[in-house]
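The chain below stands alone and is given as structure tokens, in the form predicted on its own.
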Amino acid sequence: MGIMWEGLVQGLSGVWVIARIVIPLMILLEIAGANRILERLNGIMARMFRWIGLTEEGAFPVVVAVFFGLSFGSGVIISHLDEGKVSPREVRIIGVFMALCHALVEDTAIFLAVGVPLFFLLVPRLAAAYLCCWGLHRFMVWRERREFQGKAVNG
């Protein structure tokens, strides 16, 4: 029975550490969303996403996913796709980026509290996400050109 009690106390202690970080962070992010700070931040960050094939509208779901996580980012993607703000090609790129680099702010805050160096939290994830999305973008552009050339020769 003592082991179970110790496990429960340690588990609750871990949840408390995470809650102390995540709850204030979520409150700040909700305030930022309500004050349209995310839209302004997107205008700045959209420049970084151009070379992987995203427009400013396409970059917004990525910005939301990086700060809020996959559930919010997915909701924004679905609404942007329904409204025609992003192309199916952009959705693929956004999906890859979100899979590799979601909840960057939350995860970083949690792991910093545990003592993981900031470099190892940000650089590998961002580099992997950008490189994979750049490769995917280049492949899709190459494939579209090849299909276009095939139609021009045959048609």
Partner chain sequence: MALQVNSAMVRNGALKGIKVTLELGKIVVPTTIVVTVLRASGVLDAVAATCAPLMGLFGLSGDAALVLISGYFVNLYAATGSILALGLAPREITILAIMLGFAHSLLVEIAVSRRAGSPIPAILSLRLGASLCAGLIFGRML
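For the two forms, the rigid core is made up of the largest set of C-alpha atoms that agree within 1.5 Å on superposition. Positions refer to the first chain, counted from 1. Predicted model, so just to flag it, every value in this text is computed and none were measured.
The form predicted in complex with its partner chain is left out here; the points below concern that form.
Enquirer: If we define contact as a non-hydrogen atom of the residue within 4.5 angstroms of the partner, is residue 7 a contact of its partner chain in the predicted complex?
Expert: Contact with its partner chain, yes.
Enquirer: Heavy atom to heavy atom, is residue 19 within 4.5 Å of its partner chain in the predicted complex?
Expert: Yes, residue 19 sits close enough to its partner chain in the predicted complex that at least one of its heavy atoms falls within 4.5 Å.
Enquirer: Any chance residue 53 has a heavy atom within 4.5 Å of its partner chain in the predicted complex?
Expert: No, no contact at 4.5 Å.
Enquirer: Looking at the partner-bound form in the predicted complex, is residue 63 within 4.5 Å of its partner chain by any heavy atom?
Expert: No, residue 63 is distant from the partner.
Enquirer: Counting only non-hydrogen atoms and a 4.5 Å cut-off, give the residues of 89-119 close to its partner chain in the predicted complex.
Expert: Sequence-ordered list: 91, 95, 96, 98, 99, 100, 102, 106, 107, 110, 111, 114, 116, 117.
Enquirer: Once both forms sit on the same rigid core, is the C-alpha displacement of residue 142 at or above 2 Å between this form and the one not shown?
Expert: No, residue 142 moves less than 2 Å.
Enquirer: Note yes or no: does the Cα of residue 17 move by 2 Å or more between this form and the one not shown after the core is superposed?
Expert: Comparing the forms between this form and the one not shown, which are aligned on their rigid core, residue 17 does shift its C-alpha by 2 Å or more.
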